[in-house]
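Only one chain is shown below, in structure tokens, and it's the form predicted on its own.
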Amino acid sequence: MPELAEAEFYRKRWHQAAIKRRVAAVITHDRAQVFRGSNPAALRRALVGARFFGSEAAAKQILFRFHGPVGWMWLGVHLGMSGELRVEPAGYEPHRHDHLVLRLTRTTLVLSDLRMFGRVRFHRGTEPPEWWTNIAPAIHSDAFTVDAVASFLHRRARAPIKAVLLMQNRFPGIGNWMADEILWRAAIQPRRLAGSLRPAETRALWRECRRVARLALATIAGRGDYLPPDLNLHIPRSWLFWHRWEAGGLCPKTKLPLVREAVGGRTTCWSPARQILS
């Protein structure tokens, strides 16, 4: 599933190709699940003739801003588990899983989603919609403080820390692999109850959340739009990420075997030699 850095990578892909360009035509698969809660016909009518003015990413979501005859418009995209934003040549013919296609001058923007767990939202107005402004403060923002994390862990004291890290209302953009990476770096066993963390461990968790988010953004999203299809190739081999699914995978620090089990309903990888359950 695309996480914080992957969302930023895909945002940049559309942004770099489309900024200041005008939408000539819009093609949608109106019955696709990605449009649940939206009106694709209204989206098509409003976007034709509009110009692409900007974008931003937050958590696992992306927002694109347009201006046209009907004023300001906001297109929201959540990529789900299999969504992808692509840039294709002018005249590109959509395939079966291309659910949203924006034809611009000299280029075509495509949202494809094989499993349709993603979502498209649309809003008209001078201000961004509530479904965007209500996203929790970014992990690298000043609002993401040690005290805020400690308070959140206290309120979910009986939940495994791995499950808590996946809660988007405090840890926006953190998904399965990032949560494992954070806990491994902080030397915290994923089954630990959130309320059992000592102050020093909470500070370590906060620090590694910010560090992994920053490194992921720099490594995956910071390389421009000229990456090979497998974004993961640019994650350093010193990260847990590379060894999570290897048969007989070893901890990059201790060189001892890793363990993979379900924690909080998600497949989880950790190093028993480093992340000791206390």
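All residue numbers refer to positions in the sequence shown, first residue = 1. Please read all numbers here as calculations on a predicted model, not as lab measurements.
The same protein has a further form, the form predicted together with the DNA, not shown here; the description that follows concerns it.
Looking at Ala187, Val146, Ala157, Val87, which has any heavy atom no more than 4.5 Å from the DNA in the model of the complex?
Of the candidates Ala187, Val146, Ala157, Val87, Ala157 is the one lying within 4.5 Å of the DNA in the model of the complex.
Name the stretch: of 126-134, 94-102, 204-212, 68-76, exactly one has residues whose heavy atoms fall within 4.5 Å of the DNA in the model of the complex.
Answer to the contact question: 94-102.
With heavy atoms only and a cut-off of 4.5 Å, decide whether Arg244 touches the DNA in the model of the complex.
Yes, Arg244 sits close enough to the DNA in the model of the complex that at least one of its heavy atoms falls within 4.5 Å.
Although the partner isn't part of this model, could you tell me whether Glu6 comes within 4.5 Å of the DNA in the model of the complex, counting any heavy atom of the residue?
Yes, Glu6 sits close enough to the DNA in the model of the complex that at least one of its heavy atoms falls within 4.5 Å.
Can Asn176 be called a contact residue for the DNA in the model of the complex at 4.5 Å between heavy atoms?
Within the cut-off, so yes.
Taking 4.5 angstroms as the cut-off for heavy atoms, does Asn39 touch the DNA in the model of the complex?
Residue-level check for Asn39: no, no contact with the DNA.
Let me know which residues along 110-134 have a heavy atom within 4.5 Å of the DNA in the model of the complex, or say none if there are none.
Counting only heavy atoms within 4.5 Å of the DNA in the model of the complex, the contacting residues of 110-134 are Leu114, Arg115, Met116, Phe117.
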